[in-house]
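Next up, structure tokens for two forms of one chain, structure 1 and then structure 2.
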Structure 1
Amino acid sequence: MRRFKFKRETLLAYSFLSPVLLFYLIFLMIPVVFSVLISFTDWGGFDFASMKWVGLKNYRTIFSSQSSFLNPIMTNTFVFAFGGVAISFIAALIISYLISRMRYEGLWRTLFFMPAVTTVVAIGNVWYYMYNPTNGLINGIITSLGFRSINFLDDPNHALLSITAVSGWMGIGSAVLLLSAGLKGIPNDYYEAAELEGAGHLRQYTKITFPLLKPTILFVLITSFIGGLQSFTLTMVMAKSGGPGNSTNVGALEMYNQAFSFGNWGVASAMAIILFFVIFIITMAQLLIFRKGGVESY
């Protein structure tokens, strides 16, 4: 009887979970398996009869000396992801700490979070016009100070860094929200005890705030890096197709172009598999580093 009751409870639990499990199966697991399979094929999309098995040919093409995927595309991807995360994370650490000690904290958090709920296309177009070399706001300020205008998006030396700066600015709001929530979870008793011992704000931050904020920092870094490595919309909007040349082309944008512009779905899927392993390795490295630093809950 007890065993029957356990089975009944298990079936009831799975019946409630079935919509989520079905959604997970249809929209995640099946596409992942299908993507792995077509990475070993030569397929132009849509017509299954034209699918041809080619084995590791797509991977050999990607890693060949003639391919631009590893350099400059993946190099651009790392610069874009690491640069954007560095800007947003460092700025968010400072901002979240400052607004936690200011009046109207909720208002400040809302203002900083607003770019995170604005569409990437809108933000990209606004910054595109702000970067305009003739009548853009930024170049207007530069020329008013007596300097020459900068061709931010058409110069290969400036284009990627200009878009990376926008990506970092976009990520500040989400990071501030998460880090502020982490700061709220630190008991005030620690700070009161530190003040009694004569510790200043800098020592309190380095000895109390930062160590206790490590789980939140880990979450912010991992999600931000994954988002940065997968991002391509901002680059597509601001630099059109990764130009000039391939100076702003990133991994996800190259996959999009290979699949929808050139009809090379097999090559695009192989690139997606490679990017997956890159993200997996970086995530595991972050977990290992933080675990050694004392974040045992992960």
Structure 2
Amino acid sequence: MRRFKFKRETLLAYSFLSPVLLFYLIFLMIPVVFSVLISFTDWGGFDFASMKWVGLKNYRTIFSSQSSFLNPIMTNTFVFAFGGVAISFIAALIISYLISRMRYEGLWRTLFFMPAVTTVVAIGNVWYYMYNPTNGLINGIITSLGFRSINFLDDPNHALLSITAVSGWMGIGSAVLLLSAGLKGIPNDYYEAAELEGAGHLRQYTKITFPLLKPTILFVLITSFIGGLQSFTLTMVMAKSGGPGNSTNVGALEMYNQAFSFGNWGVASAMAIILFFVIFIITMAQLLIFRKGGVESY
């Protein structure tokens, strides 16, 4: 009787799970194996007969000294990820604290969050036009202050930072949201006591807010850095294939173009796997730092 019921429950569980398990088999497990396999071949993605096993050749090409993958592309990737996180995190740290002390907190949070629910195609294009050297908003401000207009996206010296700035701008809202949640967990009594003692805002922040917010801060930093390392839609919308030259090209975009513009599926898959390991190692390193810093919950 008991045994029968147990079996029935197992059968039920697996029949409810079957669509999910089938999905993961087809769109996750087979693809991972397939990717690794493709990365050892020379293949344009047509039929399997044209697939040629080349061993480690694709990896050697990527790491060879003529390859642009490590420099400038991976360097750009880190600049883009790090710069974007720095902008959005510092802004969000200030904003979340200020609005937590203000009226209409929800309204402010919504305004900062708007880019996060907007398609990157819209954000990239609107900023593309705002960066326009002749009639864009930003150069309008710069020239009205008496400076010379800047060729933000066509000058290889400025293009990467210009796109990184937009990525930072986009990311503020999500970071504010998470930090706000962290701030809500800090009891108000602490601030009241500090105020009675005569501590100013800056002192309250460094002595109460920052230490208690540390777990949230680390979480925001990790997740947005990982997000930045894999992101390439904004670059694609604003700079097509990462131009001028390779000055704005990032790892995932190069992978995409190798596969779908040039038909080098082997090289592209090898790039995807390298990038995956880079991200994996960074995630593990950050998790380790978490633990060392006494944050167990993530």
Partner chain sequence: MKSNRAPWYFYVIIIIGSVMMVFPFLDMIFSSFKSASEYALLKYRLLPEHFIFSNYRMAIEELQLLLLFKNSLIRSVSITLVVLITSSLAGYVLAKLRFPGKQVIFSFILSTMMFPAFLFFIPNYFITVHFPLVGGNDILGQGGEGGLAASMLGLIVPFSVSGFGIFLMRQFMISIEDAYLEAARIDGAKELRIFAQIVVPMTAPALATLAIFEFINSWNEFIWALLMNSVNSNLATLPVGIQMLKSAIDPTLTQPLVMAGLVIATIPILLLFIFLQKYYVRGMMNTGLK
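Model, not experiment: these values are computed from the prediction. C-alpha atoms forming the largest set that superposes within 1.5 Å between two forms make up the rigid core. Along the sequence of structure 1, residues get numbers from 1 upward.
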Compare the two displayed forms of this chain and pick out the form predicted alone. 1
Kindly check if the Cα atom of Leu70 is displaced 2 angstroms or more between structures 1 and 2 relative to the superposed rigid core. no
Taking the rigid core as reference, does Phe260 move its C-alpha 2 Å or further between structures 1 and 2? no
Fitting the two forms on their rigid core, what distance in Å separates the Cα positions of Leu25 between structures 1 and 2? 3.9
So with the rigid core superposed, the C-alpha of Leu12 shifts by how many Å between structures 1 and 2? 6.0
